[in-house]
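Only one chain comes next, encoded as structure tokens, the form predicted on its own.
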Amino acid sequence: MGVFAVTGSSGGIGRAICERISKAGHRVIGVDVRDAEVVADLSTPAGRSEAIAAVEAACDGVLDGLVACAGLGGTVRPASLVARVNYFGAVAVLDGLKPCLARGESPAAVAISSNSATAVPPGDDGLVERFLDGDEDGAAALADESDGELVYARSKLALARAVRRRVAEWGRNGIRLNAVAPGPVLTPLTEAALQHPVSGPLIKAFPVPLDRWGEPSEIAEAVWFLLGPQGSWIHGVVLFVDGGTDALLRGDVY
């Protein structure tokens, strides 16, 4: 039996991921702001440190897998909270628990990005650069001057790039690191966004070639594929699980 940690474990996708890992016979340490084995606030440096320490204690210093799933939607205010949780919270947990993963057996980690990362034009607002430079205060200040949905997309783009930039270091430590980029999935986070007068219509209009939204369990299966032995030579990939939206919008990328 392996030991896996999942942040955002009480949310729709996070809960489905926990259930899928448990179904495979492994132990899951959930991390969330409530209703979790480890209760912590990933929007603050102190909360991140508490989460890392608590997971390390709960797993006795050895992890076989990690999923950075905790995230806030673009309708959350202030938008700086979106930046702090979605990017800085995710990378802090990934990097902070890397030593525990290095002691695991065939360890792997997955970060949850989003297909909105590439659906929104990159622009030149400097937010992605502040994320990747580790400038949390600068990113937070800029986020509060920006549209929340844009901050969400930028945070997920930066997270995907952060994953890919870590492939050499993590590979040397024998840890596979990948990202999953879901399309629209009906979760409590999405339901809240659908009620927003601006975000709601945009989400409903998002084109999905398979002509339906995804289920949390479908995202969980993709995550488990990347965590498990079936993904043993997959490293640094951003896997779009979005019903074909990314291919539709960026058909000439490859």
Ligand code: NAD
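Throughout, we count residues from 1 along the sequence that is shown. What you see is a predicted model; the values in this text were computed from it and never measured.
This protein has a second form, the form predicted in complex with the named molecule, left out of what is shown; the following refers to that one.
Comparing 222-230, 38-46, 52-60, 22-30 against the named molecule in the predicted complex, the single stretch with non-hydrogen atoms within 4.5 angstroms of it is 38-46.
Taking the partner from elsewhere, Leu72 is found to have a heavy atom lying within 4.5 Å of the named molecule in the predicted complex.
Although the partner is absent here, Ile112 sits close enough that one of its heavy atoms falls within 4.5 Å of the named molecule in the predicted complex. With a 4.5 Å cutoff on heavy atoms, Tyr152 counts as touching the named molecule in the predicted complex. Using a 4.5 angstroms threshold between heavy atoms, Pro182 counts as touching the named molecule in the predicted complex. Of the listed positions (Ala160, Val85, Ala79, Ala119), a single one reaches within 4.5 angstroms of the named molecule by any non-hydrogen atom in the predicted complex, namely Val85. Applying a 4.5 Å heavy atom cutoff to the named molecule in the predicted complex picks out Gly8, Ser10, Gly11, Gly12, Ile13, Gly14 from 1-17, in order along the sequence.
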